[in-house]
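Before any questions on binding or motion, here is one chain by itself as structure tokens, the form predicted alone.
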């Protein structure tokens, strides 16, 4: 493999190797980690009492892809969420008859331990009308606000070289929408349109009286970067006018740090309550073949700092 511009720095030493689209949640004194594996064939979870222990703890396979039919290819970007006392896994998957028929799916845990208890398939997320999720749809995340459950996901539109937009909807259950989907963001700027026109991989952070939503843009190589939306917590989150979109990326390739194509993040916290962003990146910028199948996207950590009302993401040295 040609690793053009590869340099080794303290900042590009992975938190967890070969795990893209990393997601960490913290509950009752434990951290839970899941991510895409390079084979795209299973969902894994690891758990520990501290963030640092996640690096070495045993990884458990909690679900494997189907041999045929739906949920049989491209198992992508799992997220683990605790909703009203029950654990759910959201992920995207393709179909054996069309591996690019990517759609969002949900698993529900039948017990209290998402690592050791069994999971049941709740199937594809159900839209509020028959036209929902009829095209390439992925990277669903969910969050609760004012007793309502919301979801945000990426979905392609148009024909030919399609555009990936971000949509938001309210949910009536963890696997069914309760409202029409609302267009939240399109790839408007040049940095969102490198090779592909993409907005995807949203992640939500509440801070003060605002809700922040990071997302990833452009193709999955060194051009991959992160944008930011924000809204007042008192606003109507289903009204696109409630959201402000930043004109510049909030995180992008940092050659001096040896971090290329940062993106698809989640948020967690340290044991003492500091806000942490978990994201993936590569240690080089030139990739042989399709970047999607390059296995060396690693999970990294960054501290969330604040410049007024804007978050600043500072990569952490992993010790």
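These figures come from a predicted structure and were not determined experimentally. Positions refer to the first chain, counted from 1.
The same protein also has a form predicted together with another copy of the chain, omitted here; what follows describes it.
Heavy atoms within 4.5 Å of another copy of the chain in the model of the complex are found in exactly one of 170-178, 119-127, 90-98, 233-241, that being 233-241. The partner is absent here, but in the model of the complex a heavy atom of 197, alone among 197, 212, 76, 143, sits within 4.5 Å of another copy of the chain. Shown here without its partner, the chain carries 158, 161 and 183, all of which come within 4.5 Å of another copy of the chain in the model of the complex through at least one heavy atom. Residue contact check for residue 81: none of its heavy atoms lie within 4.5 Å of another copy of the chain in the model of the complex. By the criterion of a heavy atom within 4.5 Å, residue 148 is excluded from the residues contacting another copy of the chain in the model of the complex. For the chain shown alone, residue 134 is a contact residue for another copy of the chain in the model of the complex, at least one non-hydrogen atom being within 4.5 angstroms. Another copy of the chain in the model of the complex is approached by residue 189, whose closest heavy atom lies within 4.5 angstroms of it.
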